[in-house]
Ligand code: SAM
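Only one chain comes next, encoded as structure tokens, the form predicted on its own.
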């Protein structure tokens, strides 16, 4: 074992000891139902902070602050941190942990149900004008894709997302057309953001340990999407329907989705776009999905 590896192992052990002490002192136990895996290694917290590239003028939305290891660093770097935590027991614990920081507000709520845009604006807007914010989070695996898709679909004022996610989800975010990783998430990311994988994170730096590797991803809002879409609701509906059952052809997938009146309408739209009814969603580019969605919009 190299000196660097020994140093990292010692740091992990120290962080894990502090985490366990904190959990024991408050009689808190990680809950599987909410996918609680707390990040221990300061090195990876620093990588997230570096990727976020914050300053004292910026607002941060943190989803799932956990035991506050990342939250404390965000508070040091940003103007304001608005955190949303679903676990009421953790909210109470965080009030003590984060007491030294007057620029952090923790809200008890479900990030899939809370109007996150309204929450941030109510906390951060000073003159009534919308503020742009960064989303930084160590997301629970079980809800990663729904949360990210919600953030992508809603035209909220986020400018950057730095997210700790399951490695395979990160790979889907950056996947090109044609492969097994390419799907609705890939297209949603391509449409709204420029995506890159910052680093791969091993299970050993979490407590409790997950079963798989994680990754930190950076999504930078394009502000102007690379394709023209007439109706974003229809666009996201089309890509979700196309991948709901991957083995189905576009004719069958879209014909049974409720987007079209019947398969004849699907066939007409696809023919107008010059796209074969027998193709599958995984073979289509972002531009082709935009064309299909715009075709359906003309019938709406």
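Everything numeric here is computed off the predicted structure, so don't read it as measured data. Positions refer to the first chain, counted from 1.
Beyond the structure shown, there is the form predicted together with the named molecule, which is absent from this document and is the topic of what follows.
With the partner omitted here, the stretch from 104-112, 196-204, 225-233, 122-130 that lies within 4.5 Å of the named molecule by heavy atoms in the predicted bound form is 104-112. Contact with the named molecule in the predicted bound form, judged by any heavy atom within 4.5 Å, is made by just one of 39, 259, 273, 51: 39. Proximity to the named molecule in the predicted bound form, defined as a heavy atom within 4.5 Å, holds among 84, 218, 215, 185 only for 84.
Heavy atoms of residue 143 reach within 4.5 Å of the named molecule in the predicted bound form, making it an interface residue. Not displayed here, the named molecule is approached by residue 138 to within 4.5 Å at the level of heavy atoms in the predicted bound form. Within 4.5 Å of some heavy atom of the named molecule in the predicted bound form lies at least one heavy atom of residue 69. The named molecule is not shown here, but in the predicted bound form it comes within 4.5 Å of a heavy atom of residue 90.
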